[in-house]
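Shown next as structure tokens: one chain only, the form predicted alone.
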């Protein structure tokens, strides 16, 4: 009888300990889940929109972490979440083909961290006007609308090469393109364009590249990251870029080379950056993110 009591006592103790451990594990799991940060899907580290998002996390006191990736990876993560009807927040900008592909919205930014409306400018090296006046004139005349850029981006996303999509747009918009080409022809030769591998800049740069090639130039379009692009134009390694997001996104880069380049002004107006979510996400402001952070994990 004594042995039976002892055995039963041990069983009760073991069961109690097991329940206690299990409870602790569950509690720890719940606490871990509650303590996990939400995720914001970004692009390349160092980009202006990434710096703005890092500032937004601090200024809005967001319990979120910014995940580095790339423009294509960001779009892929957005697509995967939409396909599963999941909540996702990404660093986004307009123009971009994703706004034509899905119903999206910007989260309101009451603190103005991402700034107001931006433009994309054309920047050329010093001396280009004197050395290659026809190239200079074409770059100075180049100006289009967000819908034009998005048309090229959508075709590229649909499977066309950047050159194929650019040629299609040029052929469909010959009257506009003719207005950019200077009346007086210049001496032909080689010219170089730098650009960042954002969908928007791939589109604009290849349109300009193909127009210059039609004019008789040999054009090298060189894809680099933003810092190298700005250093390159500042040092005269590129003849021009049509990828300058101002006054906010590329402000730090521009400030370093402003005195050694020529700014030809906007080639596209109405650009914007910010945090973008699918339209079905049931919040409208960055300030609301902490309240639903578990949905962004």
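Owing to the predicted nature of the structure, the values given are computational and were not obtained by experimental measurement. Residue numbers count along the first chain shown, from 1.
Omitted here: the form predicted together with a small molecule. The next part is about that form.
Can you say which of 179 to 187, 214 to 222, 121 to 129, 199 to 207 gets within 4.5 Å of the small molecule in the model of the complex, counting heavy atoms only?
Contact-bearing stretch, as computed: 199 to 207.
Contact flag, residue 267 vs the small molecule in the model of the complex, heavy atom cut 4.5 Å = Result no; residue 267 lies far from the small molecule in the model of the complex.
Margin query: Even though the partner isn't displayed, in the model of the complex is residue 273 close enough to the small molecule, meaning a heavy atom within 4.5 Å?
Written below: Residue 273: contacts the small molecule in the model of the complex.
Verify the contact flag for residue 57: yes if a non-hydrogen atom of it lies within 4.5 Å of a non-hydrogen atom of the small molecule in the model of the complex, no if not.
-> Judged by the heavy-atom cut-off of 4.5 Å, residue 57 is well away from the small molecule in the model of the complex.
- Message: in the model of the complex, is there a heavy atom of the small molecule that lies within 4.5 Å of any heavy atom of residue 245, even though the partner is absent here?
- Response: Contact with the small molecule, yes.
Check each of 40, 62, 47, 261 and return the one that places a heavy atom within 4.5 angstroms of the small molecule in the model of the complex. Among 40, 62, 47, 261, a heavy atom within 4.5 Å of the small molecule in the model of the complex occurs only for 47.
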